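For reference, the chain that follows is the form predicted alone, supplied as C-alpha coordinates.
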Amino acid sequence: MKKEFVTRYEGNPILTKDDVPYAVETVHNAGVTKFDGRYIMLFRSHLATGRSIIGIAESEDGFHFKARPEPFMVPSKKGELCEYEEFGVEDPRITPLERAYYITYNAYSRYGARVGLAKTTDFKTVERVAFITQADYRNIVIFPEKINGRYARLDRPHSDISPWSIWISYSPDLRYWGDSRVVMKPEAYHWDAMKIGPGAVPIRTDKGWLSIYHGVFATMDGHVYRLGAALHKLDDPAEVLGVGDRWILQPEDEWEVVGYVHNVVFTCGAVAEEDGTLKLYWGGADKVMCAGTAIIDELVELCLTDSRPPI
(Lines give C-alpha, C1' and ligand atoms only; values in the text may rest on other atoms or scores of the structure.)
Protein backbone atom coordinates (compact mmCIF):
# COMPACT_ATOMS: atom_id res chain seq x y z
CA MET A 1 0.00 0.00 0.00
CA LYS A 2 1.36 3.41 -1.00
CA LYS A 3 2.46 5.63 1.88
CA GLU A 4 0.37 8.78 2.28
CA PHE A 5 2.56 11.51 3.73
CA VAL A 6 -0.13 14.20 3.97
CA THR A 7 -3.54 13.68 5.55
CA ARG A 8 -6.04 16.05 3.99
CA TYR A 9 -8.30 18.00 6.33
CA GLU A 10 -11.80 16.59 6.00
CA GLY A 11 -13.28 20.10 5.80
CA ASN A 12 -11.34 21.16 2.68
CA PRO A 13 -11.39 23.59 1.06
CA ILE A 14 -10.79 25.79 4.11
CA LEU A 15 -11.16 29.16 2.34
CA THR A 16 -12.88 30.10 -0.93
CA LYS A 17 -13.89 33.32 -2.64
CA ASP A 18 -17.33 33.01 -0.99
CA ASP A 19 -15.63 33.44 2.41
CA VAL A 20 -14.09 36.78 1.45
CA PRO A 21 -16.18 39.90 2.25
CA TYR A 22 -15.06 41.77 -0.87
CA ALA A 23 -15.20 40.81 -4.52
CA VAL A 24 -12.52 38.31 -5.61
CA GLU A 25 -12.48 35.47 -8.11
CA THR A 26 -10.05 33.11 -6.37
CA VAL A 27 -8.36 32.38 -3.03
CA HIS A 28 -5.05 30.51 -3.21
CA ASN A 29 -1.27 30.31 -2.65
CA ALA A 30 -1.25 31.56 0.93
CA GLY A 31 1.56 32.04 3.39
CA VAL A 32 0.64 30.97 6.93
CA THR A 33 2.29 31.57 10.28
CA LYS A 34 1.46 31.69 13.98
CA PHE A 35 1.18 35.09 15.62
CA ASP A 36 0.10 35.84 19.18
CA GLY A 37 -1.40 32.35 19.57
CA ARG A 38 -3.42 32.52 16.36
CA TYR A 39 -2.86 31.37 12.80
CA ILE A 40 -2.49 34.14 10.24
CA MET A 41 -3.04 33.45 6.56
CA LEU A 42 -2.00 35.86 3.81
CA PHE A 43 -3.76 34.66 0.68
CA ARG A 44 -3.59 35.61 -2.98
CA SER A 45 -6.74 36.46 -4.87
CA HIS A 46 -7.43 37.26 -8.50
CA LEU A 47 -9.70 40.21 -9.13
CA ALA A 48 -12.11 40.32 -12.05
CA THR A 49 -9.38 42.19 -13.92
CA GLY A 50 -7.18 39.09 -13.67
CA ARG A 51 -4.66 40.88 -11.45
CA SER A 52 -3.77 39.79 -7.93
CA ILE A 53 -3.99 41.21 -4.41
CA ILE A 54 -3.17 39.73 -0.99
CA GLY A 55 -5.86 39.26 1.66
CA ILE A 56 -5.62 38.23 5.30
CA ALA A 57 -7.53 35.70 7.39
CA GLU A 58 -7.24 34.46 10.99
CA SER A 59 -7.91 31.18 12.79
CA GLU A 60 -7.83 29.76 16.30
CA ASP A 61 -7.19 26.17 15.21
CA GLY A 62 -5.43 26.48 11.85
CA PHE A 63 -8.40 25.14 9.87
CA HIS A 64 -11.35 27.50 10.37
CA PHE A 65 -10.32 30.88 8.97
CA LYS A 66 -12.18 34.16 8.85
CA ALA A 67 -11.12 36.75 6.31
CA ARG A 68 -10.81 40.36 7.34
CA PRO A 69 -13.03 42.93 5.59
CA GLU A 70 -10.17 44.59 3.70
CA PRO A 71 -7.15 43.29 1.74
CA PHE A 72 -3.76 43.26 3.45
CA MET A 73 -1.64 44.26 0.44
CA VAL A 74 -2.61 45.75 -2.90
CA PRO A 75 -0.31 47.14 -5.62
CA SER A 76 1.34 50.35 -4.49
CA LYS A 77 0.00 53.54 -6.06
CA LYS A 78 3.02 55.76 -5.48
CA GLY A 79 6.77 55.92 -5.80
CA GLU A 80 9.13 53.33 -7.25
CA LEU A 81 6.99 50.46 -6.02
CA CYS A 82 4.08 51.53 -8.19
CA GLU A 83 6.00 50.92 -11.40
CA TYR A 84 6.93 47.36 -10.48
CA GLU A 85 3.66 46.28 -8.83
CA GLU A 86 1.22 47.60 -11.41
CA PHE A 87 0.07 44.13 -12.55
CA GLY A 88 -0.35 42.68 -9.06
CA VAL A 89 1.16 41.28 -5.86
CA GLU A 90 0.93 37.58 -5.11
CA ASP A 91 2.18 34.34 -3.52
CA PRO A 92 3.35 35.64 -0.10
CA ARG A 93 5.63 33.68 2.21
CA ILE A 94 5.96 34.69 5.87
CA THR A 95 9.20 34.31 7.84
CA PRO A 96 9.24 35.05 11.59
CA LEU A 97 12.63 36.62 12.18
CA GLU A 98 14.10 38.90 14.85
CA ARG A 99 10.82 39.95 16.49
CA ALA A 100 9.17 40.73 13.16
CA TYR A 101 7.50 38.93 10.28
CA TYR A 102 9.09 39.32 6.86
CA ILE A 103 6.92 38.75 3.81
CA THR A 104 8.34 37.91 0.41
CA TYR A 105 5.91 38.41 -2.45
CA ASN A 106 5.93 38.30 -6.23
CA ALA A 107 5.44 41.68 -7.89
CA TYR A 108 4.33 41.77 -11.52
CA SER A 109 4.63 44.58 -14.03
CA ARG A 110 5.32 45.23 -17.69
CA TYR A 111 8.97 44.56 -16.84
CA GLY A 112 8.35 41.01 -15.62
CA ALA A 113 8.23 39.32 -12.23
CA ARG A 114 10.47 40.28 -9.34
CA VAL A 115 10.29 39.70 -5.60
CA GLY A 116 9.55 42.30 -2.97
CA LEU A 117 10.20 42.20 0.76
CA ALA A 118 7.73 43.61 3.27
CA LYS A 119 7.67 43.66 7.05
CA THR A 120 5.05 43.67 9.79
CA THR A 121 5.07 43.35 13.56
CA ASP A 122 1.31 43.21 14.12
CA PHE A 123 -0.38 42.09 10.86
CA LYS A 124 -2.34 45.33 10.93
CA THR A 125 0.17 47.54 9.17
CA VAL A 126 2.77 46.52 6.60
CA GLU A 127 5.95 48.26 5.47
CA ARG A 128 7.57 47.67 2.08
CA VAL A 129 11.30 47.18 2.69
CA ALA A 130 12.80 46.76 -0.78
CA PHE A 131 12.76 44.81 -3.98
CA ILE A 132 15.28 42.04 -3.42
CA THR A 133 15.59 40.69 -6.97
CA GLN A 134 15.63 41.78 -10.54
CA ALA A 135 13.46 39.99 -13.10
CA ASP A 136 12.83 37.08 -13.52
CA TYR A 137 12.60 35.63 -10.01
CA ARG A 138 9.79 34.03 -8.04
CA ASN A 139 9.24 31.77 -5.03
CA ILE A 140 11.68 33.23 -2.50
CA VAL A 141 11.67 31.83 1.04
CA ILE A 142 13.89 33.30 3.76
CA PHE A 143 15.25 31.01 6.48
CA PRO A 144 13.86 31.92 9.95
CA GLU A 145 17.28 32.52 11.53
CA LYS A 146 20.74 33.71 10.56
CA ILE A 147 23.17 31.00 9.47
CA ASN A 148 26.85 31.66 10.14
CA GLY A 149 26.10 35.33 10.67
CA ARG A 150 24.18 35.85 7.44
CA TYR A 151 20.58 35.74 6.29
CA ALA A 152 19.85 32.96 3.81
CA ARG A 153 17.14 32.33 1.27
CA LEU A 154 16.08 29.80 -1.32
CA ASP A 155 15.07 31.32 -4.63
CA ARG A 156 14.14 30.37 -8.17
CA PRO A 157 15.53 32.47 -11.03
CA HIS A 158 14.67 31.52 -14.59
CA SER A 159 17.25 30.52 -17.17
CA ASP A 160 16.72 28.96 -20.59
CA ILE A 161 19.96 27.02 -20.13
CA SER A 162 19.04 25.48 -16.77
CA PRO A 163 15.37 26.28 -16.30
CA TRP A 164 13.57 26.63 -13.00
CA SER A 165 16.09 25.29 -10.51
CA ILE A 166 16.39 26.13 -6.80
CA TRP A 167 19.28 28.37 -5.75
CA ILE A 168 20.53 29.64 -2.41
CA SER A 169 21.65 33.22 -1.73
CA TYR A 170 22.95 35.10 1.31
CA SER A 171 22.66 38.63 2.67
CA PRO A 172 24.16 40.78 5.45
CA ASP A 173 21.04 42.95 5.77
CA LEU A 174 18.05 41.31 3.97
CA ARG A 175 18.28 43.94 1.19
CA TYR A 176 21.37 42.98 -0.78
CA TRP A 177 21.83 39.36 -1.75
CA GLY A 178 24.64 37.40 -3.34
CA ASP A 179 27.09 34.49 -3.01
CA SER A 180 24.48 32.57 -4.99
CA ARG A 181 24.69 29.00 -6.20
CA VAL A 182 22.34 26.36 -7.54
CA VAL A 183 21.53 23.63 -5.01
CA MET A 184 18.77 21.59 -6.63
CA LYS A 185 17.61 20.89 -10.17
CA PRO A 186 14.65 19.09 -11.74
CA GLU A 187 15.19 15.38 -12.38
CA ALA A 188 14.72 14.19 -15.98
CA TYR A 189 11.52 12.19 -16.55
CA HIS A 190 10.62 12.45 -12.90
CA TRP A 191 7.51 13.86 -11.23
CA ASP A 192 9.31 17.23 -10.93
CA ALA A 193 11.01 17.05 -14.35
CA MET A 194 9.82 20.35 -15.82
CA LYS A 195 10.51 22.81 -13.01
CA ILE A 196 10.85 23.12 -9.26
CA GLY A 197 10.56 26.01 -6.83
CA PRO A 198 10.72 26.73 -3.09
CA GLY A 199 7.36 26.46 -1.35
CA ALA A 200 7.03 26.91 2.41
CA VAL A 201 9.59 28.63 4.64
CA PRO A 202 12.16 25.99 5.72
CA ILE A 203 11.51 24.25 9.04
CA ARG A 204 14.35 23.50 11.48
CA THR A 205 14.59 19.87 12.57
CA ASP A 206 17.30 17.99 14.45
CA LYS A 207 18.52 16.49 11.16
CA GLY A 208 18.36 19.50 8.90
CA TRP A 209 16.20 22.20 7.37
CA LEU A 210 13.03 20.62 5.96
CA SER A 211 11.91 22.33 2.76
CA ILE A 212 8.55 21.66 1.12
CA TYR A 213 8.84 22.52 -2.57
CA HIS A 214 6.69 22.25 -5.69
CA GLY A 215 7.56 20.24 -8.76
CA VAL A 216 5.92 20.26 -12.18
CA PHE A 217 5.52 17.50 -14.75
CA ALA A 218 4.39 18.17 -18.32
CA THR A 219 1.77 15.77 -19.72
CA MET A 220 -0.21 15.59 -22.95
CA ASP A 221 -3.12 17.09 -20.98
CA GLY A 222 -1.18 19.97 -19.42
CA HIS A 223 1.10 20.49 -16.44
CA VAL A 224 0.66 18.78 -13.06
CA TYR A 225 1.89 20.58 -9.92
CA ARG A 226 2.81 18.35 -6.97
CA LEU A 227 4.63 18.84 -3.65
CA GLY A 228 7.84 17.22 -2.47
CA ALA A 229 10.33 17.45 0.38
CA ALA A 230 14.05 18.16 0.62
CA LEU A 231 16.45 18.35 3.56
CA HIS A 232 19.24 20.95 3.84
CA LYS A 233 22.20 20.83 6.21
CA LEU A 234 21.62 22.99 9.30
CA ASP A 235 24.89 24.94 9.31
CA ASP A 236 25.35 24.92 5.53
CA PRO A 237 21.96 24.84 3.76
CA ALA A 238 23.69 24.97 0.36
CA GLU A 239 24.32 21.26 1.01
CA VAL A 240 21.20 19.23 0.31
CA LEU A 241 21.25 16.06 2.37
CA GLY A 242 18.47 14.41 0.40
CA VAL A 243 15.47 15.00 -1.86
CA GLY A 244 12.47 12.74 -1.46
CA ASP A 245 12.17 10.57 -4.56
CA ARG A 246 8.36 10.48 -4.27
CA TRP A 247 5.92 13.34 -4.13
CA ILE A 248 4.15 13.92 -0.83
CA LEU A 249 0.98 15.44 -2.31
CA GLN A 250 -0.63 15.53 -5.74
CA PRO A 251 -3.95 16.88 -7.09
CA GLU A 252 -6.71 14.42 -6.27
CA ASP A 253 -9.73 16.19 -4.82
CA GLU A 254 -12.18 17.84 -7.19
CA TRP A 255 -11.08 21.37 -6.24
CA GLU A 256 -7.43 20.48 -6.90
CA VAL A 257 -8.06 18.85 -10.27
CA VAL A 258 -10.45 21.43 -11.74
CA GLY A 259 -10.23 25.18 -11.24
CA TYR A 260 -8.62 28.36 -12.48
CA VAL A 261 -5.53 26.28 -13.40
CA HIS A 262 -6.22 22.54 -13.45
CA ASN A 263 -4.19 19.90 -11.60
CA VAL A 264 -2.39 22.09 -9.09
CA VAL A 265 -1.39 21.79 -5.45
CA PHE A 266 0.92 24.71 -4.60
CA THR A 267 2.22 25.65 -1.17
CA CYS A 268 3.49 28.90 0.27
CA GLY A 269 3.04 28.01 3.94
CA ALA A 270 3.46 25.37 6.62
CA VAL A 271 3.41 25.55 10.41
CA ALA A 272 5.42 23.18 12.60
CA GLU A 273 3.59 22.20 15.78
CA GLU A 274 5.06 21.27 19.16
CA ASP A 275 3.77 17.69 18.88
CA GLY A 276 5.96 16.99 15.83
CA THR A 277 3.24 17.44 13.24
CA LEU A 278 3.14 19.88 10.38
CA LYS A 279 0.13 21.84 9.24
CA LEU A 280 0.54 22.20 5.49
CA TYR A 281 -1.42 24.67 3.37
CA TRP A 282 -1.85 24.65 -0.39
CA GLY A 283 -3.78 26.31 -3.15
CA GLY A 284 -6.02 23.93 -5.06
CA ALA A 285 -6.17 24.53 -8.83
CA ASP A 286 -5.34 28.23 -8.21
CA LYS A 287 -8.87 28.70 -6.88
CA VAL A 288 -9.27 27.60 -3.22
CA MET A 289 -7.16 27.08 -0.09
CA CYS A 290 -6.73 23.63 1.42
CA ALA A 291 -4.96 22.21 4.45
CA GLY A 292 -3.62 18.94 5.77
CA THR A 293 -1.25 17.47 8.32
CA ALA A 294 1.97 15.49 8.12
CA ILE A 295 4.48 14.02 10.55
CA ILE A 296 7.73 15.96 10.34
CA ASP A 297 9.95 12.96 11.13
CA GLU A 298 8.37 10.96 8.29
CA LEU A 299 9.15 13.70 5.79
CA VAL A 300 12.73 13.90 7.06
CA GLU A 301 13.14 10.13 6.74
CA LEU A 302 11.77 10.24 3.20
CA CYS A 303 14.51 12.71 2.29
CA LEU A 304 17.23 10.60 3.90
CA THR A 305 16.23 7.04 3.02
CA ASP A 306 14.21 7.24 -0.22
CA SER A 307 15.92 10.06 -2.05
CA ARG A 308 17.29 11.20 -5.38
CA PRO A 309 20.37 13.36 -5.97
CA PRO A 310 19.66 17.12 -5.76
CA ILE A 311 21.64 17.89 -8.92
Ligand code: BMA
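The structure presented is a predicted model; accordingly, all values stated were derived computationally and were not measured. So that there is no doubt, residue numbering starts at 1 and follows the sequence shown.
One more form of this protein exists, namely the form predicted together with this ligand; it is left out here, but the text below deals with it.
In the predicted bound form, none of the heavy atoms of residue 281 sits within 4.5 Å of a heavy atom of this ligand. Contact annotation: residue 138 falls within 4.5 Å of this ligand in the predicted bound form, judged by heavy atom distances. Residue 47 falls outside the set of residues with a heavy atom inside 4.5 Å of this ligand in the predicted bound form.
Within this chain, residue 286 lines the site of this ligand in the predicted bound form, having a heavy atom no more than 4.5 Å away. Of the listed positions (54, 264, 243, 270), a single one reaches within 4.5 angstroms of this ligand by any non-hydrogen atom in the predicted bound form, namely 264. The stretch in contact with this ligand in the predicted bound form, judged by heavy atoms within 4.5 Å, is 256-264, chosen from 62-70, 34-42, 273-281, 256-264. Taking a 4.5 Å heavy atom cutoff to this ligand in the predicted bound form, the one contacting residue in 79-107 is 91.
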